[in-house]
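To begin, one chain is listed below as structure tokens, in the form predicted on its own.
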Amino acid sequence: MILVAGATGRVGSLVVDLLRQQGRAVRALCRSEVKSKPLREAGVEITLGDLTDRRALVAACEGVRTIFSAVTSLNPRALNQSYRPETVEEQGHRDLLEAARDAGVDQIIYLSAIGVDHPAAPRQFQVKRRVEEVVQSCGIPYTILRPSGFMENLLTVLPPIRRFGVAPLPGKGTTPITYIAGKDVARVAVLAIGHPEAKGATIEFGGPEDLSNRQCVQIVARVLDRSARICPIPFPVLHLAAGVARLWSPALREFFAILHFVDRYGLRAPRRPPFPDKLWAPSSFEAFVRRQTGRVGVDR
């Protein structure tokens, strides 16, 4: 049995899909009955609860051999949802791993991020780094995955380019990022299950190319066959907006802090395969955009 914590999120849901396609037994730890309903209907075993619910963690870990955790407390779109990464993520993973040890779990795979050990890392990244330390010292064979930036984060530029030929872009948008598709991150997570080279490893990986956000905008425009005028948004304006909105979206300020960090320092990843013995052909950004827009074709 494989437990996926954060199973309704971007990567967690894709990991569940891949495991189901392989015929593996999957259990999902989900906070919401409503969000878990499609998984339950698809035959996935559900444990309702989160990392702050010790009783749910004990139930979720029973009979489990591997845990994949993609849990994050950062959701800038959530209205009136508190942002408590130290409680939800750091202490929550301590409690999860305690339950995992008691249940005899063989492997913990934790989804972190490139940049968490940077001296100027924002709060969310600092918390992820501390969770890494918790995972490394828990006594269970572990794998830490550090992917680069997600291609999905750039989908917000599609509608304004398509409708108005304009691309609002936070900051300068000139630093290189080794963007990777969420589906490829999920593939690495599934490949890591039981892989001998994954034991005790911290794996940094990304897609096949380093691209700035400005370059990504031009690729989107080319796929849509539109011109795109980039409209930079200064970060002081975004931080001011986040301050005004903090009552209804507490995580928005931290989300903009991450964007600011990435705009300044970039997120570059090694180009080597995460596991040399496995086929690795991650999607290019253009191929990703073509799939998202239904304009499937050959990369240029």
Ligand SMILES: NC(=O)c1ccc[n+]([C@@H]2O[C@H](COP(=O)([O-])OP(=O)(O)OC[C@H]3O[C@@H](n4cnc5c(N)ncnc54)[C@H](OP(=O)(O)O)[C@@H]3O)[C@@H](O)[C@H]2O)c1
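Numbers for residues come from their place in the sequence shown, where the first is 1. This structure is a prediction, so every number in the text was calculated from the model and none was measured.
What follows is about the form predicted together with the ligand, which we do not show.
Exactly one of the stretches 59-67, 46-54, 227-235, 268-276 approaches the ligand in the model of the complex with heavy atoms within 4.5 Å, and it is 46-54. Checked against the ligand in the model of the complex, the candidates Ile193, Ile203, Ala99, Val71 yield a single residue with a heavy atom inside 4.5 Å, and that residue is Val71. Proximity to the ligand in the model of the complex, defined as a heavy atom within 4.5 Å, singles out one entry of Arg264, Arg40, Lys35, His239, which is Lys35. Using a 4.5 angstroms limit between non-hydrogen atoms, Val11 touches the ligand in the model of the complex. Put simply, Gly207 is far from the ligand in the model of the complex: not one heavy atom of it is within 4.5 Å.
Remark: Val157 does not count among the residues lining the ligand in the model of the complex, judged by a heavy atom distance of 4.5 Å or less. Put simply, Arg31 is close to the ligand in the model of the complex: some heavy atom of it is within 4.5 Å. Taking the ligand as positioned in the model of the complex, the only residue of 127-144 that brings a heavy atom within 4.5 Å of it is Lys128.
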